[in-house]
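One chain follows as structure tokens, the form predicted alone.
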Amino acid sequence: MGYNTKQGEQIEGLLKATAGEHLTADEIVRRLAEGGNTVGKTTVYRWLDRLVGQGKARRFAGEKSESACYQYTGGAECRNHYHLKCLGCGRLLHVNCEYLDRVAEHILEHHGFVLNEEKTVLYGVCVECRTKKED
């Protein structure tokens, strides 16, 4: 796709405006519709693939029953940090952590295995979801 369309601009614009969030294609379709813009899911996926290919967005794979989510990077690399995925709300957090760096060093030294920080995702439950569960 070597051309720009109004829908493509809307999709990229939404991702830019929500750069700190991780959105699924369904969420993008819904948010665009809330703003009065009707864009089909196929078009959203096509543009997401294009943005990922250009390095403007990152795709985070979902679990078997979850959809992948996307984050706008604007070409900046999503490296040198780990990711925490909440099983409650689905949020994906970026974490810089010296302790996890030491764990990665241990894995390399004792197991001969190099972790890819960029693709390392630890699953658990965020503080907000734990608090809701306790109420």
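Here the structure is a predicted model, which means the values were calculated and not measured. Counting begins at 1, following the sequence as shown.
Another form, the form predicted together with another copy of the chain, is not on view; read the next lines as being about it.
- Mapping the unseen interface onto this chain, Lys16 falls outside it, with no heavy atom inside 4.5 Å of another copy of the chain in the predicted bound form.
- Taking the partner from elsewhere, Asp49 is found to have a heavy atom lying within 4.5 Å of another copy of the chain in the predicted bound form.
- In the predicted bound form, another copy of the chain lies within 4.5 Å of some heavy atom of Arg130.
- Thr120 belongs to the set of residues with a heavy atom inside 4.5 Å of another copy of the chain in the predicted bound form.
- With contact defined as any non-hydrogen atom lying within 4.5 angstroms of another copy of the chain in the predicted bound form, the contacting residues in 101-121 are Arg102, Val103, His106, Ile107, Leu108, His111, Gly112, Phe113, Val114, Leu115, Asn116, Lys119, Thr120, Val121, given in sequence order.
- The Cα-Cα distance between Val127 and Asp26 is lengthened by 3 Å or more in the predicted bound form relative to the form shown here.
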